[in-house]
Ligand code: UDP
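Have a look below at one chain only, the form predicted alone, in structure tokens format.
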């Protein structure tokens, strides 16, 4: 940790006076907003003038960008010329508003596909970094063909893992930067036993019966149906088990979440032991943290995953996680050491039963899980990675 702080100090000293603006598509909900909520203040504390700008959109724009997200993660289908025009034209209006306002930082940091066209729309000579937070291991080739030219407009590219680097961009300047959590955020501060119990009671969970939980937005890539399938398998052997699925819907750029939630609600088939939570007015960040800390088993059964910060959050609270054997989850979970990697609902159910039947071993795995987060995914490392990418992008352009 000391080495990481020294790195941050050295980098921040070389960036004194630099103005950086991060741009994404939502101020709440989702991993990117969570990262920026901590990263931007930390960059300012380190001496780099940093701001956060949110691209305001309309439902039609977010319908397209959510489709883009799914296609980049490998969904089948195409993006029509009309949809592409809607996507690009909305960003063109945003770029004009920014130009009219005279906003001209030293570095633009654009996050995810929602903001990507801005890389080609800002004035020539703008220093632009584009950050891709999603799993592009096997992207839809039609949409990659459309977006690759826009990606090439950025001076530097940031991906979470080496295997996410899009084919055809190998000649670009690429940084590999896994995300991290802020342990000081309310949902990441370890709750007391009493507050966990109070949260369970408030949310309608029986504190005297085992609870399984998945904390993740209602999204087809998070496989909520597979989570229910695994729960039903466990239920046959352990009738008292409960399932809590938290997918608070706040982000404007995830319009299909309500449709997925309704589908999952129907799939749950009025099972009173399946609890679905989506209303941000009823479930706050401390409630999420209490569920992650207090559930007997935490699952993240993704079938595609850019990284999966909810895995990190749970592990930080000493919970070994059963995670889908995909993407960023693989670099967090060491199978059978600090959690389990699974490829099917049946395998997930088997691991659940093992954890529920051997709580002492589960607690020991939880200790290993917390330590692995402390060592690999601290916030200073993330801050240093971003400062390094910014410094490399501004070589010769700033006075030090």
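Note that the coordinates shown come from a computational prediction; the quantities given were computed from them, not determined experimentally. Positions refer to the first chain, counted from 1.
Beyond the structure shown, there is the form predicted in complex with the named molecule, which is absent from this document and is the topic of what follows.
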**Report entry** in the predicted bound form, segment of 229-237, 304-312, 94-102, 163-171 with a heavy atom within 4.5 Å of the named molecule
**Finding:** 304-312
Query raised in the report: Does the named molecule come within 4.5 Å of a heavy atom in each of 30, 222 and 285 in the predicted bound form?
Result: yes
Report summary line: The one option of 140, 242, 114, 216 with any heavy atom within 4.5 Å of the named molecule in the predicted bound form is 216
Requested in this report: Counting non-hydrogen atoms within 4.5 angstroms of the named molecule in the predicted bound form, say which of 324, 294, 328, 247 makes the cut.
Outcome: 247
Report summary line: Taking the named molecule in the predicted bound form and a 4.5 Å non-hydrogen atom cutoff, the residues of 182-202 making contact are 187
